[in-house]
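Just the one chain here, laid out as structure tokens, in the form predicted on its own.
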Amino acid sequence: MGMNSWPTDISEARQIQDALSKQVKIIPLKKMPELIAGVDASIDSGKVTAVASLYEYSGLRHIEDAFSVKEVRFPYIPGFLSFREGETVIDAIEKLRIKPDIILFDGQGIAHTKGIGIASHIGVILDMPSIGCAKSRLVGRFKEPAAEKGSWTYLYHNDRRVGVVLRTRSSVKPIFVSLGHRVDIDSSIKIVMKCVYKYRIPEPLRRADSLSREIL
């Protein structure tokens, strides 16, 4: 079973997850992106629907969307949700006519019980910079950031900085930004804030989320 394969049982998934976790790289981003994609997936009635929404980073101009629908082949097991959505997510990303420079995921990066949530998992497989943007905390401890937009505090797990708790709008609940792959904390904060417009969630993710539910 290769590390890029999609197993149907927990023993194979655990082996793949352990191997991939050793390949996650937390390094400074070489340059700011020109193109950014937001990716989200929805599951219902035994099917996974994944959408990748591509944007121009500098002006946040929408360029294109791509989607994929597949059967759910992996059981619901906390800590292994990437194996339910991952194959469909990758298919949606690869259907984009233009390749993004970085991907935002609606989920966790290394702020995960196994140190490899979907942002890290897919980032490693595709060898692309990736960032996890979650609406709630999965693991870790933190201090509440100040109420002003742009305020943030570190998220710690097992005495390691795994991301930040970021206030994307003043006096609105923060989001949990965790490092995925080939990116660092400073770059992650800048990129997520650049992609926030009127709402709490970065625009590429908002669009991907809305479309995935609409298609589903």
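Note that the rigid core is defined as the largest set of C-alphas that superpose within 1.5 Å between two forms. Being a predicted model, the structure only gives us computed values, none of them experimental. One-based numbering along the sequence shown.
Beyond what is shown, the protein has a form predicted together with the DNA; the following relates to that form.
Put simply, Leu96 is far from the DNA in the predicted bound form: not one heavy atom of it is within 4.5 Å. Though the partner is left out of this view, Gly79 does reach within 4.5 Å of the DNA in the predicted bound form, counting heavy atoms only. In the predicted bound form, Lys135 approaches the DNA with a heavy atom inside 4.5 Å. For the chain shown alone, Gly107 is a contact residue for the DNA in the predicted bound form, at least one non-hydrogen atom being within 4.5 angstroms.
Of the residues given (Ser187, Ser151, Ser42, Ser68), Ser42 alone sits with a heavy atom within 4.5 Å of the DNA in the predicted bound form. Exactly one listed residue, out of Ala92, Ile118, Val124, Ile102, brings a non-hydrogen atom to within 4.5 Å of the DNA in the predicted bound form: Ile118. Using a 4.5 Å heavy atom cutoff, none of Glu56, Met193 and Glu203 lies near the DNA in the predicted bound form. Note that among 28 to 36, 42 to 50, 143 to 151, 159 to 167, the stretch whose heavy atoms approach the DNA to within 4.5 Å in the predicted bound form is 42 to 50. Residues of 182 to 216 that come within 4.5 Å of the DNA in the predicted bound form, judged by any heavy atom, are Asp209, Arg213, Leu216 in sequence order. After superposition on the rigid core, the Cα atom of Ile77 is displaced by 2 Å or more between this form and the one not shown.
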